[in-house]
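Take a look at this single chain in structure tokens; it is the form predicted alone.
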Amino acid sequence: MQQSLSPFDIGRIRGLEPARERAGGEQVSPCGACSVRHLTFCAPLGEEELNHVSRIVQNIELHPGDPLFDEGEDATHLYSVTAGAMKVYKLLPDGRRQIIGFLFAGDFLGLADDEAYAYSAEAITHSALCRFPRRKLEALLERYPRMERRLLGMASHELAAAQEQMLLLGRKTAKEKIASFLLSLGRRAEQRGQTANPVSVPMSRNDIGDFLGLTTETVSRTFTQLRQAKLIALMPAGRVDLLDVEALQDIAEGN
């Protein structure tokens, strides 16, 4: 169920140039041309402030399965996803993997309370990210309080999502979990200005299981049950058509 990023998007990101001057000496930052900037922690900044950000940022590209960083590594950088899809996970003492989140354009990752990353990150699809040196970004956050407030707001949202995930893992049945998961992907796509239905599901059944605390077989069986009940339809390129959103909402709420 993987969906690649279009070559146009990757090419656009790779081709961004350093800040250049307009007539009259005004600096134009490549960050100003970012199509997802309104979703990122850079959103509150003006052109002059973006010039300072562009001086410390590096654009990187990952292919499906490429690691970004591993749990326990020195937390030297912070990242903002500009295209594609990422997963973040922790390895349990018994060797099992618990995926703790899926990240899309506009999301950030790499914040750490200490000097090490608390989780691992890996690309699901062809992805592009902005990479910020941690110390230099911290200096900019002190310089631009609006960006710091935006980042704190996004961190608060991430905490709320983690709390919702705890509810998913602890209280819901397999069918309730899958319905909730599909609806949440639709809401997040809508927030990014994308189509909420059909919803893009670029992650594998195994990834979904590791996120929801289900076996791969249970995930596949539940998708089949929802399809046979004509609540969803499986489409090409990893998309799922939500045929009866109201019924899926009832299932997600345990009704």
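None of these values were measured; they are calculated from a predicted model. Position 1 is the first residue in the sequence shown; the rest follow in order.
What comes next is about the form predicted in complex with the DNA, which does not appear here.
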L183, N197 and Q249 - do all three of these have some heavy atom no more than 4.5 Å from the DNA in the model of the complex? no
Answer key: of A189, L62, L214, L50, within 4.5 Å of the DNA in the model of the complex (heavy atoms) is L214
Is the gap between T173 and the DNA in the model of the complex 4.5 Å or less for some heavy atom pair? yes
Does R227 reach the DNA in the model of the complex if we count a contact as any heavy atom within 4.5 Å? yes
Wondering, does L234 line up within 4.5 Å of the DNA in the model of the complex on heavy atoms? yes
Partner proximity in the model of the complex: R55 to the DNA, non-hydrogen atom cutoff 4.5 Å: no
